[in-house]
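Let's start with one chain on its own, the form predicted alone, as structure tokens.
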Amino acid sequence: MKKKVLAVILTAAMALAATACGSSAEAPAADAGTESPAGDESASGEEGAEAESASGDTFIIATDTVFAPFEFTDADNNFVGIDVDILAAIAEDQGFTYELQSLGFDAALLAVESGQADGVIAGMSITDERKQKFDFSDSYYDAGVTMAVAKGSDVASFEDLSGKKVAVKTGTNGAAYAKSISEQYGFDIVEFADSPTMYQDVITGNTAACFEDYPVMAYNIQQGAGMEMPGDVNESLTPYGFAVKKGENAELLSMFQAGLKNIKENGKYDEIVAKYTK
């Protein structure tokens, strides 16, 4: 039943996102690999998905589709990334079963809010606004925001954005940061539903720059995206957290928290992060 309702949620969220974006551009494949095939409702976790949970239930965990290096599809069509591997390691450590649903960021949050998914891990920034709807784990990653432009662009600073259009991904920390400085530097915001489409809009020159969390931007540029980062990373770091609907799934949140502590202590966490960032 949950899968059927999730499909409805995903369809509705995609329609809303398309309206908000105001762009007819087709999302290209992720720079690091191939995007999850359309209509593919789930991507199973690795080792952690094989263990039985204490309650006998299988938790449904929602995530994004293209947010490398945190979640993306690799060249062999496997769903991978920092978030994917961390969840698998924690599930194995804590002995619970889960099904990872690759929905897209907005749809993932909507699935948890509506009770059709038990938790979400999607490079999700812990903010005061989101704390009104979600209960978060401790941070499992801290990221700053950076600006990127097309290679060869004459935009070298925020001042050069005056009178231009800037791309952001809806609902992200990068979007919030860009909006916070847009009036000061005189640029307009254009929103996109996913990072690859946003990047392509910058590369083709429709928008002058985009804002994204540094590890995501750095990874995609390293993988060959036709962009560069002309400025420094915003030093105001934003924590990423695993989240459940506020007041619900306390057991799952507690297991995630305990498992995160354990994999940091035994070195597994550092091994996962190094796998995707070095």
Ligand code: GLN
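Numbers for residues come from their place in the sequence shown, where the first is 1. This structure is a prediction, so every number in the text was calculated from the model and none was measured.
Another form, the form predicted together with the named molecule, is not on view; read the next lines as being about it.
Novice: Does the named molecule come within 4.5 Å of any heavy atom of Phe59 in the predicted complex?
Specialist: Result no; Phe59 lies far from the named molecule in the predicted complex.
Novice: Is Tyr219 close enough to touch the named molecule in the predicted complex, meaning at least one heavy atom pair within 4.5 Å?
Specialist: No, Tyr219 stays farther than 4.5 Å from the named molecule in the predicted complex.
Novice: Test of understanding: in the predicted complex, would Gly123 fall inside 4.5 Å of the named molecule by heavy atoms?
Specialist: Yes.
Novice: Test of understanding: in the predicted complex, would Ser102 fall inside 4.5 Å of the named molecule by heavy atoms?
Specialist: Heavy-atom contact with the named molecule at 4.5 Å: absent for Ser102.
Novice: Sort through Thr73, Asn173, Thr146, Thr207 and report the residue having a heavy atom within 4.5 Å of the named molecule in the predicted complex.
Specialist: In short, Asn173.
Novice: Give a yes or no on whether each residue among Tyr141, Phe242 and Lys275 has a heavy atom within 4.5 Å of the named molecule in the predicted complex.
Specialist: Heavy-atom distance to the named molecule in the predicted complex: none of the three under 4.5 Å.
Novice: Residues in which of 157-165, 94-102, 179-187, 124-132 have heavy atoms within 4.5 Å of the named molecule in the predicted complex?
Specialist: Result of the contact check: 124-132.
Novice: Going by heavy atoms, what in 212-231 lies within 4.5 angstroms of the named molecule in the predicted complex?
Specialist: Heavy-atom contacts to the named molecule in the predicted complex: only Asp213.
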